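Here we start with a single chain on its own, the form predicted on its own, put down as C-alpha cells.
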Amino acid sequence: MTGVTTLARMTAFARNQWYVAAYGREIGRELLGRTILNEPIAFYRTESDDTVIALADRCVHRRYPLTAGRLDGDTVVCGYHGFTYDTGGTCVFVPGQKRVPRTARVPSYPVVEQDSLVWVWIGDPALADPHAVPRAPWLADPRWTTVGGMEPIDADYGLLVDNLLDLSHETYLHSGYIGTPEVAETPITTEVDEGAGVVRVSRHMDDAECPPFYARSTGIDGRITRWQDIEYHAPCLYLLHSRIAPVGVLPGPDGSDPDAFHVEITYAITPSTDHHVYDFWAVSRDFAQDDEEVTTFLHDLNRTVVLQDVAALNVLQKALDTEREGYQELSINIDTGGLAARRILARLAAEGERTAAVAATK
C-alpha cells in the first residue's frame, strides 16, 4: 500500500472515552493536577476508603486551581478564598455566609483504577462504562516484574500513535538500544477491527540480531527469534507483546515455551492539550524477576528509548508547525497500522462531537 494524504495539523480529540490519568502510585493524599483533553483535573484519594476522586481543577468562584489548595479530610479547600468541595464536586462551604449558592459546584469525572492505572472518563458521565476499560493485567500481576514512568511530549498525540504503530523506526532512531536491521527489513501484517477500535500490527523475525535491551537482560549470546505483536486499543492503550528466544526456537502461542522470554510493553497515550501528550510507559517481564540489576537496567534503557522518541516527536511537531499549507505526506506499507488508527480516531472524535451536540439540545 502506497499513497499520499493531506497532512493533518492536529488530531481531533475523541471524547466519551477512557484515558489514563496516572499510575495508581502517583495519587495519594496530596492533590495531583493533570490536564486531559484541555481539561484541568485535580486527583486525590479519600481518607476514608482510598478511593480516587477526580474534580475539575478550577474553583467555581474565581477559577483558582484547586490543586493550589489543600485537603481537609475528604473535601478540597480552595487556597484562594476557602470554597470547599465534597467528593462529588458540590460546594459545602463558602466564606462569609451560611447559604451556599445552588450553582456552586465543579464537575466530577468517573474514575476506574485497574491494572495499576487510573483511568478517567472525558465526556458525558452517563455514558461511562467501567467494563469498557481495556486491560493490561500484567501491570498488577505478581508473576511479572514491571518498571515504568511517564514523559510529557510537546506534540500532537496522533504523532505518538503513528510512532508506536510503526516500529521500523527502531532500526534508525533506537539503534544500539532496541533497534536492529531486521526490524525495518521484515514486512508487517496488519489486522483492523474498526467496530472495536482495535489495530493489530505484527512483525515476526526468525533470525535477528539480539539488541542490548534483550542481550543484557536475558543473557542470550547470539542471534534470536523475535516476535513483535502490537494491539492498539484506540484512543489510549497500546500493548506490545514481545517474545524472544535463541534462533531456531519458536515461542508457543500460549507463551509456555520455557526457552522463550516474554516482555509486555505497555503505553498509555493520553492527550493533554492540542500540542502536548502524556507518554505513560511500562515494561513487564516474566524472567529474572528478582534481579534488581536487570530491573534497573530495563528501566534506565527503556527510559532512554522513550526520551529518544520524545526528542524526535518534539522536532517533528516543530517541523509540522512551519509546514506549508496543502503539503501531501507519503505513506507506504509500514504505515498501514498508523493510517487505520487515524481513521478510528477520526471516527471516535466525530461520534463524540455528535453526542455532545445532541446533549446540548436537550
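In this text, residue numbers run from 1 along the sequence as written. Each form is matched to the other, and the largest set of C-alpha atoms that superpose within 1.5 Å is called the rigid core. Owing to the predicted nature of the structure, the values given are computational and were not obtained by experimental measurement.
What comes next is about the form predicted in complex with another copy of the chain, which is not displayed.
- Between 23-31, 325-333, 293-301, 45-53, the stretch whose residues reach within 4.5 angstroms of another copy of the chain in the predicted complex through a non-hydrogen atom is 325-333.
- Between another copy of the chain and the residues F93, W144, W227, W281, the one pair within 4.5 Å by heavy atoms in the predicted complex involves F93.
- Interface residue remark: L339 is counted as part of the site for another copy of the chain in the predicted complex, having a heavy atom within 4.5 Å.
- Contact between Y80 and another copy of the chain in the predicted complex is found at the 4.5 Å heavy atom cutoff.
- When another copy of the chain is considered in the predicted complex, L173 lines it closely, a heavy atom lying within 4.5 Å.
- Taking non-hydrogen atoms only, L320 approaches another copy of the chain to within 4.5 angstroms in the predicted complex.
- If you take 285-317 and check each residue for a heavy atom within 4.5 Å of another copy of the chain in the predicted complex, you get A312, L313, V315, L316, in sequence order.
- Relative to the superposed rigid core, the position of the CA of E325 differs between the shown form and the other one by 2 Å or more.
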